[in-house]
Structures are given as structure tokens and as C-alpha cells.
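Only one chain is included here, represented as C-alpha cells and corresponding to the form predicted on its own.
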Amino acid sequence: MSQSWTISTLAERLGGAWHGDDVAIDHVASLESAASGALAFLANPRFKPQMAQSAAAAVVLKAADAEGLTRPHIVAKDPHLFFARAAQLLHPARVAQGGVHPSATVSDAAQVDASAQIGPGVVVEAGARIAAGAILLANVYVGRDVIIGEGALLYPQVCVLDHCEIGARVILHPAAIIGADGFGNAWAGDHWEKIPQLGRVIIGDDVEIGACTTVDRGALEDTVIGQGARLDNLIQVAHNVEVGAHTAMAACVGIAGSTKIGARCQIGGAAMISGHLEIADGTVVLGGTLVAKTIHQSGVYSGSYPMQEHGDWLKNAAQLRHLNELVQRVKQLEKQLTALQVASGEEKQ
């Protein structure tokens, strides 16, 4: 349920400077879709024409973009960040309604705080501990000896398997799977032998994990997602991976086993990260990039070939097949040129 604030109180609470009429705000919206009572934000000057026509009650923007503006507005150093925090105030998170739904199945050997909300069809196995204010919505499964932290929110169909630990205020979106077996197999000459996956998944406080993302348990040690990390939808995190605090990953990233990703990294959508390597703190990996070796120095990395017309791509791809041959020919020509230069010098002498 949304709440109502004036722009003066929002500015005072969140550290902005308000101008114009002290209008009431009860929700956030984009410049295009905003209606009466909405707060919108301008992050890029090229969208100023939209702001002029927007029906938003007020706009958050930078000082440089506010010159000559007469409509109600809030000047902030970082309009996007201000907007995010305003959205949290105007649209507060749901609060647990303590109690266990009659259709839920909770083991007598589980511990569920009285203030936790256990929704319809939820299953909580023996030894699990559900902390105060946690919310488990319909059909969540919590395995044996799992720990769910204070104020955590698990959306429908989330599955947290045996012995895993979920920190405080963690958000797991629908159908996220935490603690499935890692892909551990040994070849026996004519068949695969399964390697039991004996580790856990440990998720730090304030992590958010998107819909249908999977985080596999460790083979022997634990898979760890650091405090404040953000994982988008449809991400695969393999066994024994470590993700540093406040690292963010866009959708469809794949991380192979035993890789260590540092803190405050940004990984673009559909990036593929090989196993048993490390990525330095603060690294940015652009979307679609294949990371096949350790990144020791933070920076911006990409490995995707730029889009081009398909006919041109086919011609270039055909040339790439002969790249090694061309390199060898160039080296041979360089040797011949050097020999000619030497011979020419000797003749002059």
C-alpha cells in the first residue's frame, strides 16, 4: 500500500532541495506514464521534452537540469538514487502477518518465530529455523536444518534445500532454487559416478535473488553469496562459487564451479564465466562476454563481437578461419624482409 508525502518532507528525509509548490506525492512513475500525485525523475537531459509534457506532480533531477524550471521539483546529486529511496518510502515493503496457514506443513522439530508468516502450501522440514518477521509465501519449500533470517521474503515456489542459510532481509523471487546439487560427476570409463555434494549455500544479509535463478550447494566447501549482492533472473551459480559483497549480475549469467568473484563487481547479462578463476573487486564485465581466465586488475572488460549486417559477418567469419595461417605468413614475410635488409647493408659496406 502506498503512502503520501509532500516533496518538502521527502527532500528533508532523503537529502534533496525542493522548489516550487509543496505538493503531495503518493506514488512514483516514469515521466511518460506519470499522473496526478506521481514523483518522476530525470536522469538524462535528452529526456527533457518528456518532462515538459509529463503530468507528474513533481520531478527529481540534477541542479544543471533545473535551471528555469517552474514546476515543483527536487534537486538531488544523484536523481536515480533519490528516486529509489523515495520509492521505498512511498511503496513500503510488505510486513509479516504472523501465523501459519492451515494448509502449511511445518515439522514439530522446526522452530518458527511467532511473528513469521507461513503461507498456504508451505513445507518446513525438521530442524529448520524461521526468524522473526520472515515471510514465506505460497508453496515455498524449506529443507532440513535450513536457517531463514529475520525479515526475509521468499516468494511462491522458492526452494531452499537442506542445511542452507539465508541471511536477514534476503529477497528470493519466485522459483529461485537454493542448494540444489552441484554438477559433480566422475567418469568411470563407461558411465558417470555421482559425487555427493556435501557443502551448503550461505547467503548474506540484504541479498536479492531473481526468479528462476539457481545457486548450487558446494561439493565439499560452501557456495557463498556476499552481503548486499544482487542477482537477476535466470542466473546459474555453480558449486563452490563465491560472490563478493554488493556485486550485481544481470539476467542469464552463468558461473562455473569454484570461481571467486570480488566485491562491488558488475556482470552484464548473458556473460559466461569459466570455473576455477578469480575476478578482482570492482570489475565490470559487459554483457555477452566470455571470461575464460582470471582478472587480476579491476577495469571494464568485454569480449563480444560488435553486431553487423549478416552478410558482412559471414565474410569476416570466413576470414577468421584463416587467421592463424595469415599470422604465420606475416611472420615469414617479416623474416624475409629482415634478411633482405641485412643483405642490403652488407652490399653497401
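Heads up, when I say rigid core I mean the largest set of C-alphas that superpose within 1.5 Å between the two forms. When you see a residue number, it is the position in the sequence shown, counting from 1. Computed from a predicted structure; not experimentally measured.
We do not show the form predicted in complex with a further copy of the same chain, though everything after this point is about it.
- Here is the short version: of V170, M249, I74, A134, the single residue with a heavy atom within 4.5 Å of a further copy of the same chain in the predicted complex is M249.
- With the partner omitted here, the residue from L290, A55, A43, L69 that has a non-hydrogen atom within 4.5 angstroms of a further copy of the same chain in the predicted complex is L290.
- In the predicted complex, a further copy of the same chain sits within 4.5 Å of a heavy atom of A317.
- In the predicted complex, at least one heavy atom of S344 sits within 4.5 Å of a heavy atom of a further copy of the same chain.
- Not displayed here, a further copy of the same chain is kept clear of D205 by more than 4.5 Å at the level of heavy atoms in the predicted complex.
- Although the partner is absent here, A280 sits far enough away that none of its heavy atoms falls within 4.5 Å of a further copy of the same chain in the predicted complex.
- Using a 4.5 angstroms heavy atom cutoff to a further copy of the same chain in the predicted complex, none of A114, S258 and G262 count as contacting.
- Shown without its partner, the chain has G303, S304, Y305, P306, M307, Q308, E309, H310, W313, K315, N316, A317, Q319, L320, R321, H322, L323, N324, L326, V327 in segment 303-327 as residues with a non-hydrogen atom within 4.5 angstroms of a further copy of the same chain in the predicted complex.
- When the rigid core is held fixed, the Cα atom of A17 travels less than 2 angstroms between the shown form and the other one.
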